[in-house]
Ligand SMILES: Cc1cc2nc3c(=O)[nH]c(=O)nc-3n(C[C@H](O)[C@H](O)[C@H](O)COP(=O)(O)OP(=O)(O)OC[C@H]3O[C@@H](n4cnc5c(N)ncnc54)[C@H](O)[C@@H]3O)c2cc1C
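What follows is a single chain, given as C-alpha cells, in the form predicted on its own.
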C-alpha cells in the first residue's frame, strides 16, 4: 500500500522546502473535495505494484482565504471556499457572473469545503467558476520558491486536468476585473440542483445607447478546456443588442466548440444546446447592464 505524509506548513518557505525535499512526490491540498476521494479510491484498490510515497501539503494555514476590493480589481485568495464567496458582498455586487456560477455549484456541504483555487486547478472543462472568471478578465497568481508570476486565465489551461502551473508552483490568488459592463452565467444540467454542467456559459457586455462596445463570451463542458467564442464576440461588437443579433451571434458558437459524448450528454446534444445557453447568458448580461 502507498505511504502518505501529511503536513500543514505555516509559511511558504516551509511549504516549498517540503515540496522539494527528498525527491518525494508532493500534492497541494486545498478543500480536498477532489483529491480526498481520489486518495480513498486509490487506497481501496489492490495495487499492481507498490507506488512511491505521496506527501500531501495542506495550504489552509497560509492565509489565502481573503477577498480584497481594490476598486477596478477584486483579488480572491485561492483558499476562499465557495460558500464564503457566495456570501461575500463584494463578489455579489461587483462580480455577478461569478456569484451566479457559485449558486449553481454543488450543494451546501461541498461549497462549505471546496475552494475557488481548487476548482480552477482541477482544470475540468465543466468547472462552473471558470467561464465566469474568464469573461471577467481574470489573472492567476502562481507562487514558487523562486517567486511569483501572473498568468491570464485565458492562457492557464492546456488540456483536461492540466494547467501551465509548473511542479512546485501553487495558485495563491486570482485577480478579477469588475469592469463597467454587465455579466451573467447560465448552466444546463441533467437536473435542477447539484449537477455537473452539460453545457455552461458566461458573458460580459458593455453597452452605449444599446450598442455593444465590448463583449466576452465563454463556454464550458463543450471542448477540452473552457473556450472563448471569438466569432460570437465579433458578431456583436458595434451592433444593437437585441433578440435577433444575439440569436445570430450565438449560432456561431459551434465554430468554437468540439463537444464529446459522455455519461451526461452526447456531442450532438451539446452542439445543439450550446447556442441557446450562450444566448441566455448574453441576454442576461446585457439586461443587467441596462438595469
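Remember, it's a predicted structure, so these values are computed and weren't measured experimentally. Positions refer to the first chain, counted from 1.
One more form of this protein, predicted in complex with the named molecule, exists but is not displayed; see below.
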Within 4.5 Å of the named molecule in the model of the complex, all of 28, 35 and 104 (non-hydrogen atom): yes
Among 83-91, 144-152, 209-217, 125-133, which stretch has residues whose heavy atoms lie within 4.5 Å of the named molecule in the model of the complex? 125-133
Give me the residue from 174, 199, 79, 95 that has a heavy atom within 4.5 Å of the named molecule in the model of the complex. 79
Hey, in the model of the complex, does residue 195 get a heavy atom within 4.5 angstroms of the named molecule? yes
Contact test in the model of the complex: residue 186 vs the named molecule, heavy atoms, 4.5 Å: no
Given that the named molecule is not shown alongside this chain, does residue 113 nevertheless sit within 4.5 Å of it in the model of the complex, heavy atom to heavy atom? yes
Residue contact check: residue 249 to the named molecule in the model of the complex, 4.5 Å heavy atom: no
Mind listing which residues of 143-170 have a heavy atom within 4.5 Å of the named molecule in the model of the complex? 169, 170
